[in-house]
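Here's a solo chain for you in structure tokens, the form predicted alone.
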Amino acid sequence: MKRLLLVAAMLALPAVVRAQDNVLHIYNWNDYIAPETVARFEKQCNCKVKQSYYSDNEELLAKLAAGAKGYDILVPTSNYVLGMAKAGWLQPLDKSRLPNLGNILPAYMNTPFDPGNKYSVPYAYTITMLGYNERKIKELGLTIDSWSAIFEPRILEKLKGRITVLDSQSELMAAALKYLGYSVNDRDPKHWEQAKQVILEAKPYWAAFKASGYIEQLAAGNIWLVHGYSSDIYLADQGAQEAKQPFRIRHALPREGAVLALDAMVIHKSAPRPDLAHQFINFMLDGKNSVDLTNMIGSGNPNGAALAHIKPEIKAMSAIFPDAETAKKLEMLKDMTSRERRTMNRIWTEIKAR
């Protein structure tokens, strides 16, 4: 009898192991996939999705450089993909498993960061822009349509102590370079020095450098103008409306142009379940699944099949879904050489110290 029980237990063991292993591990930005999307995928694949989170790309890279394993899907910003592939952290996609890949708009495919999309599939995008308290800005008689709003003293004098800028060297330098008429990917040291001086002259008027928390401050009315991400500005407006504030938070895409950050899905080199990873990517390429994130946080969407399902009030926001002419002024940040990164780090240290 004992032998029969032992045999039965051994026969059952593989099924138990398979059930435990039927988990997709995603390393993602916080709140960057809608809960209902996760539930729908779990039901479809009869599996579980386990997520862990990072706050910026540098944190993701540090984790991978330290040898972290066990992840299936990662969601880096596109300009980090090439470096991750060269480091041996990614595995090529099996496009035969991704029949929905054709839903991605051509403008977001075959970028210099991943020619031919060997490793990555576009997921969502944000645009770095200005967000403002519509009521306060009108009271001050200001028009917010240029990077001059955070850099020119004649404007800053009216907003002193009510402005936050991103605590990001690449994003803030990009804004200053655009203000000066240069590309966000300009590598001329003289132009970087000019951008540094623009930032230092404006810095005394700013309340803080903020990587997070500015959504709540803007929604509460404590801050009137932010340099931030399009999706965060959308969430700030939602928060203000939910709190029944007597003002709205509006987007402003500077006329000089701005940074577009395209985030992508990639598969880790040592993914435990590359089969589930491909299944998830193809699932997210379905327009009805892709649209959930846009409708939740107001993110931009590179999926053409999703456009018909976006909430009309979000789709109508030209700052998030700009026309073709405006889109020409948007640039994706390119990765830097180690020498350029050292120079940028030195400049950033000087900016923060003064």
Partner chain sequence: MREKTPPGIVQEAASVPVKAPARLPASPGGRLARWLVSGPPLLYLAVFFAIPTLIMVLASFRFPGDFGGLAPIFYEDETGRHLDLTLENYSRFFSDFLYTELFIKSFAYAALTTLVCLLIAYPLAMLIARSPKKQRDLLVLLVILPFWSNFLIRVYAWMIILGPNSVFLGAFNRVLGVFGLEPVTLLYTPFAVVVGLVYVHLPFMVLPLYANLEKHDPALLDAAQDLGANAWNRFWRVTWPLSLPGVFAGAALVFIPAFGIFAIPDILGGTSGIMIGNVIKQQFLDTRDWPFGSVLSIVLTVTAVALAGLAAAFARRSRL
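Treat the numbers as computed from the prediction; the structure is a model and nothing was measured. Numbering follows the first chain given and starts at 1.
The following text describes the form predicted together with the partner chain, which does not appear among the structures shown.
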| property | result |
| --- | --- |
| Contact label in the predicted bound form: residue 217 to the partner chain, heavy atom within 4.5 Å | yes |
| 4.5 Å heavy atom contact, residue 282 to the partner chain in the predicted bound form | no |
| Any non-hydrogen atom of residue 154 within 4.5 angstroms of the partner chain in the predicted bound form | no |
| Distance check, residue 169 to the partner chain in the predicted bound form, heavy atom within 4.5 Å | yes |
| Interface segment, criterion being heavy atoms within 4.5 Å of the partner chain in the predicted bound form, picked from 253-261, 187-195, 106-114, 79-87 | 79-87 |
| 4.5 Å heavy atom contact with the partner chain in the predicted bound form for all of 125, 295 and 329 | no |
| Selected contact from 39, 66, 308, 324, since only one has a non-hydrogen atom within 4.5 angstroms of the partner chain in the predicted bound form | 66 |
| Heavy atom within 4.5 Å of the partner chain in the predicted bound form - residue from 136, 269, 95, 203 | 203 |
| Residues within stretch 57-77 having a non-hydrogen atom within 4.5 Å of the partner chain in the predicted bound form | 58, 59, 61, 62, 65, 66 |
